[in-house]
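Coming up is one lone chain in structure tokens, specifically the form predicted on its own.
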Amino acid sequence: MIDSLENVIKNYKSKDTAYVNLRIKYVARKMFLTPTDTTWTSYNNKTLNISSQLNYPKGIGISYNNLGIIQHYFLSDPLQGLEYYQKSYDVFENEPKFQKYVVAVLTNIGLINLEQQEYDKALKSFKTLLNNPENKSKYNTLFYIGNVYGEQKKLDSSMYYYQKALVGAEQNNRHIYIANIKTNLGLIQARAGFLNEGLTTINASLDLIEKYNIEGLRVAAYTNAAEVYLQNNDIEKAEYYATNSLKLSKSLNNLSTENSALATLANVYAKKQDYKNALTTYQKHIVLRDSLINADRKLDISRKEIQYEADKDRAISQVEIERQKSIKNASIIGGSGLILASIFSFVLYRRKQDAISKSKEAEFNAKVSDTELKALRSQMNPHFIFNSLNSIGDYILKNDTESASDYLGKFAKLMRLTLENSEKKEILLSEDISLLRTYMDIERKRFNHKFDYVIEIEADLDSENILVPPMILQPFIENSIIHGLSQKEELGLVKISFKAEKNMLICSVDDNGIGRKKSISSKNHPESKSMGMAITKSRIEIINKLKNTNGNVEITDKTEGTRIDVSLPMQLAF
């Protein structure tokens, strides 16, 4: 059928709207079956040019959406994809007859939010689409909601929405969607402990992919199958699917699926107790993950969304101003009395517009500051992960597999807590102290117990009711250990304390190491050591700007060692 459609297009003599519709139908049926075909960009640009010459909005809007899909999925460039989706949305937004296309465009924008781990934004978009009467593929929206809950580790909710999506897809006899839903449902069932059900579901998905030759789903299905078999302790099959998933991802040049395949393969190696390959593969996964979900990209996407909304608001305001000017001119013709009234109304209107503009500018600045704060928080993770992975690498190089295994377990716990907290603006003081204890225990083991540590909380402070920015002290503790205590001959001590002072929370790191002057004069003193300090100071400056407070960092060089005092505004949970 696709071949006959291709022949009809080749032999079509005119470039009219019927010709554009044929090209659109051809793309819809074949593009996802051949995602590696590099001609799809030029094909859709040609459809866009013809549609523009014909002033045919349906062809223009769908071509923009298809170009967004190519950038988003085939070329792993969500920022460029978002720009095309927004252009498509502009074409369809105000035409009631095009609302069914709006559903598809907003779904793609929601998926970019999901991939960038903006789960609340993604969930809000999908649940809004679920109530849209023009949404004829609600089973697809239910599937994406299941994905969001799956990423949030809310497994019961995820399975609930996947099951509802599966019923809808089967009622409509949509084989591709059925295979896709079963691929993810099988994985979530296995993670929830339903191992036999997960295995049955993932194998049903693989059978559909083979039967209907659905190449676009093969990589994701192989990656999920590897994890499901791993959960069932079938390491041989898990390694087969993980290895082939990685090969296919590289051949497709799809960085997102390659990232998932690397993470799964690292787990397979760890299960086989092949810790060297597990570490190497995990490091590749971390580097690729950070490049896909890095702070700059999230910041660019957020800014593009904000700029898009600002441009749209300005356009609406401009239309309103022009309308008011027309009203003013009509009033002048009507009489001098009406002229005065119109001028008065116009002055009031301009004042109101100025007030609205100032309010929007303030809101915009707040959003930018908030986004920059998220970016700074996320910069902490690669810095911290890099040093922790070096610690594990030391054990592997020494062939101390027992210590490496123990260290890897503690590191996994630390990673989970770090990743969970990295997306939060604030966490409870008790949670932050728990994270610091885990970190300190790992570093003590790494440095052969060359130092002890104590954590003191003022008696009047309730650590279960005080909120702090996550990991605010970690860079200073790291500096104390690496640059202060590791070079000391005697047993060192790090004292961490928390106290209240004039409605501020004073967080202190006090060590008896060799001090900053001796550390700076050391030949091995790394230039990058001040990165954590700079990031933390920037975080506190932004907190001061957002909350209008006077948080600060003070460094005291003692006779023996260094003391850091971080002052933060006292924030209570309730």
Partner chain sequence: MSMIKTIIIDDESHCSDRILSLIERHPNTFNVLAVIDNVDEALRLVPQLQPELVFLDIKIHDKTGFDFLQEVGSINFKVIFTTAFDNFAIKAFKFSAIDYLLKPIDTDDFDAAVSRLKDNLSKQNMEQQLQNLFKNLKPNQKKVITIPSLTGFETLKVEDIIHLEADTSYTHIFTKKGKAMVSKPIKFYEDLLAENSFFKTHKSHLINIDHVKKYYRGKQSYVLMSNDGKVPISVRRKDEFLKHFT
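Numbering follows the first chain given and starts at 1. Predicted model, so just to flag it, every value in this text is computed and none were measured.
Another form exists, predicted together with its partner chain; not displayed. Remarks below refer to it.
- Mapping the unseen interface onto this chain, K413 counts among the residues with a heavy atom inside 4.5 Å of its partner chain in the predicted bound form.
- In the predicted bound form, its partner chain lies within 4.5 Å of some heavy atom of G409.
- Taking the partner from the other structure, its partner chain in the predicted bound form has a heavy atom within 4.5 Å of a heavy atom of E402.
- Using a 4.5 Å cutoff between non-hydrogen atoms, D234 does not count as a contact of its partner chain in the predicted bound form.
- In summary, among the residues E93, D394, E501, E464, the only one with a non-hydrogen atom within 4.5 Å of its partner chain in the predicted bound form is E464.
- Residue L428 is the only one of L248, L428, A270, L288 with a heavy atom lying within 4.5 Å of its partner chain in the predicted bound form.
- For its partner chain in the predicted bound form, the listed stretch (413-421, 74-82, 215-223, 195-203) containing residues with heavy atoms inside 4.5 Å is 413-421.
- Applying a 4.5 Å heavy atom cutoff to its partner chain in the predicted bound form picks out L572, A573, F574 from 537-574, in order along the sequence.
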